[in-house]
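As a starting point, one isolated chain is supplied in structure tokens, in the form predicted on its own.
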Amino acid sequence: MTTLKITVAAKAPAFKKDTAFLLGVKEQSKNLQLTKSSVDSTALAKHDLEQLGASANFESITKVAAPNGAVFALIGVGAEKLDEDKARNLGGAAARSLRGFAEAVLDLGALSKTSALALIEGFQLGFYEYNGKKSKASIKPAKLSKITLVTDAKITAKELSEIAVLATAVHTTRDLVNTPPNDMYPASMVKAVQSGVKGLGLKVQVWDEKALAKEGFGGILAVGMGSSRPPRLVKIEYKPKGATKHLALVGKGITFDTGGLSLKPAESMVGMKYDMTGAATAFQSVVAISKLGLPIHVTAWLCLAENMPSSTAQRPDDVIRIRNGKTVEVLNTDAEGRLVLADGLSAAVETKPDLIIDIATLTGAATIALGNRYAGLMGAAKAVRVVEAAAEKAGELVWHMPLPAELRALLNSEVADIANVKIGNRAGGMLVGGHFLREFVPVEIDWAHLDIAGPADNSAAAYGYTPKGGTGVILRTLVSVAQHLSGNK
């Protein structure tokens, strides 16, 4: 992640070469007008903005020459009031468009302090590009290194630092998720964790395949047994002095999902490197929480396995034993995420936290039900309310889904305590997955399940602060949950 130097000023700086000045464009009385700003826009006054190509359409950007070699970047702000969510998305759109300039000046008028901060946050989140394995000749690095936010709001260095921490964690999550599966597998994810926690005072414990077998983690073992790259369980712990609340995060970390012997169609297998998003999100959430110094005890459980078909892979009809002693009849090896999460949830329960949240790209049914931008949220009523409030504060999209009692019977098994799916049933797949996970958390512990299958990967064009590829969705919500539980905000 390129570090951006952010300056806050009450008045816009002078025009100079290689600097973009972001101004808002709105429609008023069927004519386009600039939003009020301290930037000298007299060079535009004699022109019809529409003839210059400008538009009030939300996130549209038109670049026009400004004095002294600078450029006006005219961004459509839409017809409605510019609230925090809109400001955040405008910031992201501006970041994607202005990366070729050395500096950017953002002046969208009299924004509230929360909207001004959201604009900066969106810019930081949107200033991202994953180049992966591209050769240097194919990479055009960003020039942008400095932002000036023009506002009367009193924004502190601490507030800007907190935004930078969150943006860095989101960017790192995206990097992990975008990494090709030949480079991202359970053992390499462990190395990424060990490297990423250096200097933060976090404790890391790793279970290899021998330790997993010895300590009864049958779900993770079963899913990973078909791969030549064995599974891992990672516990990351942040426990500052004086912490009175304990939050546990359990992340699904399937580093590649072929479906196992219940093999996916070829076109459905492309993109399955994203199936470890839950684990990457849980990992970087703890990193961000620790860097922010929140007074809360947090543990993250990363359930890592590669789901491959081979002569050693688990079979449909196998019965496996989860960490808490429950047995599971595996009827579909492509419903593997819930198996590794069952182990992770069982381990988290043993520590008796105040709240458990699991994060997983769990079901295709979530995407069918909610599309590509909303995460499905299920769980205990109190936990759901906490996550909903945190998501609203973070500006992320979640939708509370029910766990209808009648669906639980679909998972009844004649040979085990529970089956992992109901073969032939296509109704309520996301909810059935939630029911399965519910079985591994006692009712006395608050628990929420986030199915992020839709928003974890953006296969379409970038929008707002959301890039193409891994999105880093829900991390800011999880940090917001930690802030709430710790009484920090």
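The first residue of the sequence shown is number 1, and the count goes up from there. Note that the structure is predicted; figures quoted are calculated from it, not measured.
Another form exists, predicted in complex with a small molecule; not displayed. Remarks below refer to it.
Exactly one of the stretches 383-391, 330-338, 397-405, 134-142 approaches the small molecule in the predicted complex with heavy atoms within 4.5 Å, and it is 330-338. For the options Arg96, Arg321, Lys245, Lys264, the one in contact with the small molecule in the predicted complex, meaning a heavy atom within 4.5 Å, is Lys264.
Here is the short version: of Ile418, Ala164, Val206, Met272, the single residue with a heavy atom within 4.5 Å of the small molecule in the predicted complex is Met272. The small molecule in the predicted complex comes within 4.5 Å of no heavy atom belonging to Glu306. When the small molecule is considered in the predicted complex, Gln284 lies well away from it, no heavy atom lying within 4.5 Å. Contact between Pro295 and the small molecule in the predicted complex is not found at the 4.5 Å heavy atom cutoff. Heavy atoms of Ala365 reach within 4.5 Å of the small molecule in the predicted complex, making it an interface residue. For a residue to qualify, one of its non-hydrogen atoms must sit within 4.5 Å of the small molecule in the predicted complex; all three of Lys252, Asp257 and Ala453 qualify.
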